[in-house]
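Next up is one chain by itself, shown in structure tokens, the form predicted on its own.
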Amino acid sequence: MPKKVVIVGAGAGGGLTASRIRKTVPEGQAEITVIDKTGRTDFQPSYTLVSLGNREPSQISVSMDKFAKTGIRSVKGEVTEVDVRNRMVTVGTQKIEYDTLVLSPGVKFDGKSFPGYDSAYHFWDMENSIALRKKLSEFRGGKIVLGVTTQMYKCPPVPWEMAMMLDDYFRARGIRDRVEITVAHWARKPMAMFGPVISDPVGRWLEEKGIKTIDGFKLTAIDGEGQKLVGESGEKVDYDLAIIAPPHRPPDFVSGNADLASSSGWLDSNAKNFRNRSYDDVYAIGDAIAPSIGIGMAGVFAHFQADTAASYVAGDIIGSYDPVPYNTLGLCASDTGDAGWIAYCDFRHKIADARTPFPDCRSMGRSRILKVAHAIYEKYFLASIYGGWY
């Protein structure tokens, strides 16, 4: 009988895992099911472009229905329970059995838990990117402040990246002189978590573009009526438009499950084969393991983790398959408004020892031609999951 492989999440982690297993395991040996609450795969780094009107949602999103052509079953719905002892996943009224489970559920956005968050906008999912797009199109001038509510959030560089993209956006509209752009962030300098190789040039670019930074700012509340961000020490930052990353939490089925959660409350996993430490038929990758293994939340991490996890799952099924070692590099093709920029960091030492201050990073340069790198990877990413050019 074919092995039942159930994958939670259709994004960079889950979607790529499904694709890798399908291509690796001989036909008839695996029955693959992908579960996702949105029913689609988005290229999430392009949410910024949707917000700015440079992409339509349909250009960066593929329906899970497309999995059918590759023989993968898809289920649209939110996982409410995982019973690892009985190998069962609950989605609404459905009970889905598995032999092997791969968890890549992403995070839960919990704006309701943060004081005043309903006054903010964000671009960390498709629906909110569309709402921000409308707000930006109506914006005629004033103070825009970008920030975050939690230390862990998707794509650590993106508040500063988006600030530079907004600079270009308002220049193109001819009203940049009427817009003040500020990044208020807990980091002690722009992108400080990546070390001076990255933070120093980014700081210069922000200064050249007239973008202000409030470094070491730990946001604790949003005063929507007074239009102020409130910091940990009581300091306040005025805004006309607040673009703030919502609180990132573990999915409910993780945080309440002692069999799945690590001491951090996020998914338990290890950075060798991404198995659960107690249940070797359960794997976990992506944003929901980031706090447990000590790295940030980014699609590129989930991508490389998917390569490794899929190879081990294939080995479990086939009986003999060389595992793919975990690639600890994080490659980022960023848009700085007027130019593209590519940088990469090796997180090997950071994962091995949490006391390591920052990963080993390198910059591959910044130029106008590198703006196409993002678009190329956008196409490659979606095609690598769904096949062809979807």
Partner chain sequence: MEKPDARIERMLGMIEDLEPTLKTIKKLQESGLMSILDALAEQSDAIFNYASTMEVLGAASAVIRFIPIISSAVGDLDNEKLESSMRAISWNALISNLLAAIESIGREMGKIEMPSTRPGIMALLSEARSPETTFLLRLMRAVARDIMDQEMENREGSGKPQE
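Owing to the predicted nature of the structure, the values given are computational and were not obtained by experimental measurement. Residue numbers count along the first chain shown, from 1.
Omitted from view is the form predicted in complex with the partner chain, to which the following refers.
The partner is absent here, but in the predicted bound form a heavy atom of Phe304, alone among Phe304, Phe170, Phe217, Tyr312, sits within 4.5 Å of the partner chain. Heavy atoms of Leu370 reach within 4.5 Å of the partner chain in the predicted bound form, making it an interface residue. Although the partner is absent here, Asn327 is a contact residue: one of its heavy atoms lies within 4.5 angstroms of the partner chain in the predicted bound form. Residue contact check for Cys345: one or more of its heavy atoms lie within 4.5 Å of the partner chain in the predicted bound form.
At least one heavy atom of Asp360 is located within 4.5 Å of the partner chain in the predicted bound form.
Heavy atoms within 4.5 Å of the partner chain in the predicted bound form belong, among the stretches 133-141, 232-240, 71-79, 296-304, to residues of 296-304. In sequence order, Arg20, Lys23, Thr24 are the residues of 9-36 having a heavy atom within 4.5 Å of the partner chain in the predicted bound form; the partner itself is omitted from this view.
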